[in-house]
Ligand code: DGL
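Here's a solo chain for you in structure tokens, the form predicted on its own.
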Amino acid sequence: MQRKNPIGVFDSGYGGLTVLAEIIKKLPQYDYIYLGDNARAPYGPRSFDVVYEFTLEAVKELFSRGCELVVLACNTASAKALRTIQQKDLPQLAPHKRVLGVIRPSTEIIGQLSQTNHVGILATEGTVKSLSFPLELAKFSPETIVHQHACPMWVPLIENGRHLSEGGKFFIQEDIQKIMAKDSTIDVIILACTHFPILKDYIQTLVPKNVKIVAQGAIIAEKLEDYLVRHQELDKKCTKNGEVQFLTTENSEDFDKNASKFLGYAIKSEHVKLG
């Protein structure tokens, strides 16, 4: 049997599919495994220790399935677990494998997108409380003023398909009003949760025309391509048959139905148990 070393893409639920779709669009030749921990989503309100524990379990599962490289396509996991996994676990667990996040690639270019140097961050409670975005952005664009706002209702609304219901729109409108009220000169808003791009078109109708709504998927895809070019030893290990496998900790039929809304095509997933 031919060995497979896919690129792993992990998220707490469905949101990472928005990142996966952009990665596949940019790098269609690679093999991928997507793992959604839907049974334990959302991660946003959970403690640092719990998010770290759950994320490490997912990384180990993806490593066991041949992944040499895992992308945490989840801002909460990137904020609360990535550094510990990279510094503490990888050296013992798999020193030649790599785990990457989505926050640093995003903050590397946010400053270049704004004309006013005033940006807004919409994220989960966990990502906001971690201060990961302001801290990382200060390294790459110290002159940029950052305003964060947590949107705790958005992930549950999206996961349950209620985001464009009358009630869903109410919460979204309220959160947009709150972040714009913090600073009227904000001209870029980063959707710093990988679930949120499904709301991008609607959010754009709620803000002034000069305000750019930015999803992370295309940024992550471009940065991943650059990373693989710069790390040829890792790139050579990744198999390239253009195959994609989907795993979920929740009911696979439910996952398949909801995943198709994010991807635009039907998929068939496999149930997996973590922990």
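Fair warning: this is a prediction, and the values are worked out from it, not measured in the lab. We number the residues from 1 along the sequence you see.
Missing here is the form predicted in complex with the named molecule; even so, the following discussion is about that form.
Student: Even though the named molecule is not shown here, does residue 54 get within 4.5 Å of it in the predicted bound form, heavy atoms only?
Tutor: Flag for residue 54 set to no.
Student: Indicate whether residue 193 is a 4.5 Å heavy atom neighbour of the named molecule in the predicted bound form.
Tutor: Contact check for residue 193: yes, within 4.5 Å of the named molecule in the predicted bound form.
Student: Is residue 107 close to the named molecule in the predicted bound form, meaning a heavy atom pair under 4.5 Å apart or at it?
Tutor: Outside the cut-off, so no.
Student: So in the predicted bound form, is the named molecule close enough to residue 42 to count as touching (4.5 Å, heavy atoms)?
Tutor: Residue-level check for residue 42: yes, a contact with the named molecule.
Student: Heavy atoms within 4.5 Å of the named molecule in the predicted bound form: which stretch in 6-14, 260-268, 247-255, 20-28 meets that?
Tutor: Comparing against the named molecule in the predicted bound form, the contact stretch is 6-14.
Student: Taking the named molecule in the predicted bound form, which residues along 111-138 bring a heavy atom to within 4.5 Å of it?
Tutor: Going through 111-138 in order - heavy atoms within 4.5 Å of the named molecule in the predicted bound form - the hits are 124, 127.
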